[in-house]
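The chain that follows stands alone, in the form predicted on its own, written as structure tokens.
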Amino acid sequence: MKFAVHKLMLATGWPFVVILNENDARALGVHPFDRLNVRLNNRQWNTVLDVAKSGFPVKPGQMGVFEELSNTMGSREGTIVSVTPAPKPTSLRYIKKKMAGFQLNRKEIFEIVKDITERHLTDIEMTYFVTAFYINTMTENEIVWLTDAMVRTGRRLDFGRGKIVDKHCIGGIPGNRTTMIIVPIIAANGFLIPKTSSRSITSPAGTADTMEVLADVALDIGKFKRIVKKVGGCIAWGGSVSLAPADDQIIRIEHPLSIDAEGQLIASVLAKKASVGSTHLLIDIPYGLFAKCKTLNAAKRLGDKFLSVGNRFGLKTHVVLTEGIEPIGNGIGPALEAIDVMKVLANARDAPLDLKAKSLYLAGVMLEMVVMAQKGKGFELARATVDSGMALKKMNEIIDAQGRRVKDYSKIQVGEHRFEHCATHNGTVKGINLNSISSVAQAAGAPLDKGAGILLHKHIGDKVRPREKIFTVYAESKFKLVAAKEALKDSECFDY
């Protein structure tokens, strides 16, 4: 059938969506969410159908086209296009197969990832994919094939040099911004460390959210590569550089579901590392009651899977298991975490010692992995790199290269609306509920509001007295401060 394009000046995201009048859809024999092929000038686009129940906004004989498809087609108002029903993507059969508990082969997984990359699946269909792999555990082969498919459907970098070092923490612990300290330490010692990081999935801030306070993180792949070659390191948002792009679409679906399936987690991490040509990789796996791995044994099992899959990709992988019973650092939320990072690099007297110690330990292990330091001497080299100011100098080079946003870290703005949560009695902090702390920080607006979050004044083992500050909540609006207070009413953040 032929239809006249009616341009709808709205952007809906992906995949391409078109709207037909209810009578036209009935005549074509299609229903909402069916696929349609749209043809114009010997070109064809696969689209998803929505149906208008009245003559608004699409009249009979018209096809409503949103901005993304209109711009891609180069169509004008009234342009005549041919429309025919199209079969649904074959990959949906494979998603249903996994939902039923069956294992998938290499070809089936590649078809799913290819359709995700090419935006052929709707958010609903991708949700089924994420849920299927969350409920039905992936085999090692499935993880390897998913990783490989993510790499092959994206771009790959070649820096033309020997050792490319990288690091990843599986997350789950508020604060814990070790990456932003480790990258300049490694780069200052002469190694390339092209770090792509995620925005938050389940926490008040991801590394990309925090780095964005200091510098631009939405870098295209060309700028990313130039920065790494020029200054040795970069901390960019992975979604902007088109490396393993299917992973970013999967993360987008995982975020509102607050799930992070183990197999997808491993594939997500290793695909990004393989895409930048990493040769040496450190994996930090925190464990604890509120961490993603609840026990040491669970952390060991996950670590073994990382090692096994990493080795199949030729990555020299080292796993470190770290205790994750409380936030690392004092700040929780992008701006507050950025302040912590810069205090550590600047050797400030009030720098959080736990964040500094963990960062130096992990950086030391990495320096030993690349034989820059003898075994057992990496920590000393990492500490010397920070104490000498070399790490801070390198971090400033990275920030300048990416596009500096603040001249002085002491001028970083936090939310102007705040309240202090104080102790009601004497005691010693015995535990911190990481889920509750994260919930309060998110209610305050983190990570979308950069200045929102929580500043801790006490950690496990610290003594508290009545009316003494335990933490301060920051928000950028009065409304969100009220929301944080409401979240706090339902939470027991500190046990003392």
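By rigid core we mean the largest C-alpha set that fits within 1.5 Å across both forms. Numbers follow the displayed sequence, beginning with 1. Everything quoted here is computed from the prediction, not taken from an experiment.
As for the form predicted together with another copy of the chain, it is not shown, yet the points below apply to it.
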**Asked** If you check in the predicted bound form, do 277, 297 and 370 all have a non-hydrogen atom within 4.5 Å of another copy of the chain?
**Response** no
**Request:** Could you tell me which stretch in 399-407, 117-125, 415-423, 223-231 has residues with non-hydrogen atoms within 4.5 Å of another copy of the chain in the predicted bound form?
**Result:** 117-125
**Message:** Even though the partner isn't displayed, in the predicted bound form is residue 26 close enough to another copy of the chain, meaning a heavy atom within 4.5 Å?
**Reply:** yes
**Request:** Spell out, yes or no, whether the shortest heavy atom distance between residue 255 and another copy of the chain in the predicted bound form is within 4.5 Å.
**Result:** yes
**Asked** Would residue 448 show up as a contact with another copy of the chain in the predicted bound form if we use heavy atoms at 4.5 Å?
**Response** yes
**Item:** Proximity of residue 66 to another copy of the chain in the predicted bound form, heavy atoms at 4.5 Å
**Value:** yes
**Complete:** Checking 431, 427, 57, 60 against another copy of the chain in the predicted bound form, the residue with a non-hydrogen atom inside 4.5 angstroms turns out to be 57
**in the predicted bound form, the one of 309, 215, 130, 351 near another copy of the chain [non-hydrogen atom within 4.5 angstroms]** = 130
**Complete:** Across 7-34, the residues having a non-hydrogen atom within 4.5 Å of another copy of the chain in the predicted bound form turn out to be 8, 9, 10, 11, 23, 26, 27, 31, 32, 33, 34
**Message:** Tell me whether residue 264 is among the residues that move between the shown form and the other one (Cα shift of 2 angstroms or more, core superposed).
**Reply:** yes
**Asked** Is residue 98 among the residues whose Cα moves by 2 Å or more between the shown form and the other one after superposition of the rigid core?
**Response** yes
**Item:** Core-superposed comparison between the shown form and the other one, residue 183 Cα displacement 2 Å or beyond
**Value:** no
